[in-house]
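In the block that follows, a single chain appears as structure tokens, in the form predicted on its own.
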């Protein structure tokens, strides 16, 4: 039978897994330090941090990342409700060890030693809030979080979800440049939801399983900047002009479709979490050294005259190791590309100016 000392030590270890920053014990010789805070049988893999883990996207994202066998340690950070989400997620019987971090004071602890940072933090647009209001709030949040990344894990791969992605990725780049840690390969704007929607909607038209469909989606991550390249769909197929217009419009306005269906009570959180995990898994497989991991992402780019653009990228140990060209476009796509670039230019400049002003 275990002694009272052994029981207390076991309890301390369990508490340390969930709340390592709050660990206090009278007997310093039996204290469990953060570096040793691993569950028995903990899975080998990567350390992942989710910034904004208690939000509408963050919670399902945290749950799905806890299920990913490539994750060994999962850090959940937020300014509210992080302990509750951490306790909840930690009860799942998968290999990843979960640790929670609450508030600005614990941001650095949440980021230290991390391989992959996923950022869904920010606020959704609310009634009465202008797009400029939304930009100012989320831009400030992204700036603060990226300053933490620059301090604590400058070599981490960063998956940026916070909207507007077309502006927040340039913001993150400027923060990292100021800190002297910028590596364009390691900063990835998550546009996977556009690809997930495109695969689903195209599969519906073709009568196929969405998992058999691959639609490249380029440009950016809002409205007309979202450009599905239907001429490059796999398996190869052709669409009528009417089908092309219908599919393009639906893919570009998929977010509005969800907002309207939820009657103003929310936006795309579950499908976004799914898409974010799908992209994060690709990044982790790239970090592991898997060959041929290719996904679309909004990255620093020379594919067009714009400094950032979403295209297919090959993911590897250093992030986006190769950025692919657009490939042949049909006339409809060429017109769409010009519209996308015009809109994107303003969004990128807005993000850059936010930091440089």
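Note that the structure is predicted; figures quoted are calculated from it, not measured. Positions refer to the first chain, counted from 1.
Beyond what is shown, the protein has a form predicted together with a small molecule; the following relates to that form.
- Heavy atoms within 4.5 Å of the small molecule in the predicted complex belong, among the stretches 109-117, 141-149, 237-245, 199-207, to residues of 141-149.
- The small molecule in the predicted complex is not approached by residue 75, whose heavy atoms all lie more than 4.5 angstroms from it.
- Proximity of residue 159 to the small molecule in the predicted complex falls outside the 4.5 Å heavy atom cutoff.
- The small molecule is not drawn, but in the predicted complex it has a heavy atom within 4.5 Å of residue 124.
- Using a 4.5 angstroms threshold between heavy atoms, residue 94 stays clear of the small molecule in the predicted complex.
- Candidate site formed by 169, 283 and 319: none of these residues places a non-hydrogen atom within 4.5 angstroms of the small molecule in the predicted complex.
- Contact annotation: of the candidates 90, 181, 269, 231, the single residue with a non-hydrogen atom within 4.5 angstroms of the small molecule in the predicted complex is 269.
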